[in-house]
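Only one chain is shown below, in structure tokens, and it's the form predicted alone.
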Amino acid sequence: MPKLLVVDDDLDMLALVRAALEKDGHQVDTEADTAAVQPARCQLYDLLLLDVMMPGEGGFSLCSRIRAEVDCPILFLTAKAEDAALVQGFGLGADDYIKKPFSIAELRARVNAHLRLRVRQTRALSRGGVRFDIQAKMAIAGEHTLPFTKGEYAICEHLALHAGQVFTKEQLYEAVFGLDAEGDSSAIAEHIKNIRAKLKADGLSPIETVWGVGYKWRKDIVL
């Protein structure tokens, strides 16, 4: 289930957008306070929707602040249709604009188009000596499939898709198992231990521990 974050100071707009996108089966979180939108949080999402005009920190500033650490699509909601504003937004790393006022059909179509593109772009991935078949949910080293459990594969895929980014145990647990899953984030350490043992059999060690913080997939090893 794709996870989306919508940032807008207009609570009515947040409710409207959330209701529209949840109809397509997306998990939609909303935020009216840009101070609560930090890069580590944004890394948990598959797409971000940012309002351009907000008091304090606007969408352009927010995009500039988080873009270097966030690789998912970022779409702007904006009433500013001038060419200069559009160019500025794209220069900051935006992927698309949805101009206000917009129809619900347009909103859903644009969001789903970007999500489909993201899936196509990440259907296959090779990092750290491991090849991921995203569609089949398989991890391959050399000529054989790695014997990961469903949870172990999900952890590896999430880390590899965001190579170089550090995730805490809590963030990994939420991203892989969801907020409603039974258990707790302490299980992540045991999963990582098992994953490393299986990778070690093939002479691979792409997962690094960032002491006091969490784990990351080494970005410098890309096939």
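Start at 1 and count along the sequence shown; that's the residue number. Given the structure is predicted, the values throughout are model-derived calculations rather than measurements. Between two forms, the rigid core is defined as the largest C-alpha subset superposing within 1.5 Å.
Keep in mind the form predicted in complex with the DNA is missing from the figure; the text below concerns it.
Requested in this report: Give a yes or no on whether each residue among Arg65, Arg67 and Val87 has a heavy atom within 4.5 Å of the DNA in the predicted complex.
Outcome: Checking in the predicted complex: none of Arg65, Arg67 and Val87 is within 4.5 Å of the DNA.
Query - Contact of His144 with the DNA in the predicted complex (heavy atom, 4.5 Å) - result: No - in the predicted complex, heavy atoms of His144 and the DNA never come within 4.5 Å of each other.
**Report entry** Contact flag, His191 vs the DNA in the predicted complex, heavy atom cut 4.5 Å
**Finding:** Yes, His191 lies within 4.5 Å of the DNA in the predicted complex.
Query raised in the report: Is there any non-hydrogen atom of His158 lying within 4.5 Å of the DNA in the predicted complex?
Result: Although the DNA is absent here, His158 would stay clear of it in the predicted complex, with no heavy atoms inside 4.5 Å.
Query raised in the report: Does Arg41 reach the DNA in the predicted complex, with heavy atoms at most 4.5 Å apart?
Result: Result no; Arg41 lies far from the DNA in the predicted complex.
**Report entry** Residues of stretch 130-151 in contact with the DNA in the predicted complex (4.5 Å, non-hydrogen atom)
**Finding:** Heavy-atom contacts to the DNA in the predicted complex: Thr149, Lys150, Gly151.
Query raised in the report: Phe60: with the rigid core matched between this form and the one not shown, does its Cα shift 2 Å or more?
Result: False for Phe60: its C-alpha shift is below 2 Å.
Query - Core-superposed C-alpha of Gly25 shifting 2 Å or more between this form and the one not shown - result: No, the C-alpha position differs by under 2 Å between this form and the one not shown.
Query raised in the report: Taking the rigid core as reference, does the Cα of Ala197 move 2 Å or more between this form and the one not shown?
Result: Yes, shifts by 2 Å or more.
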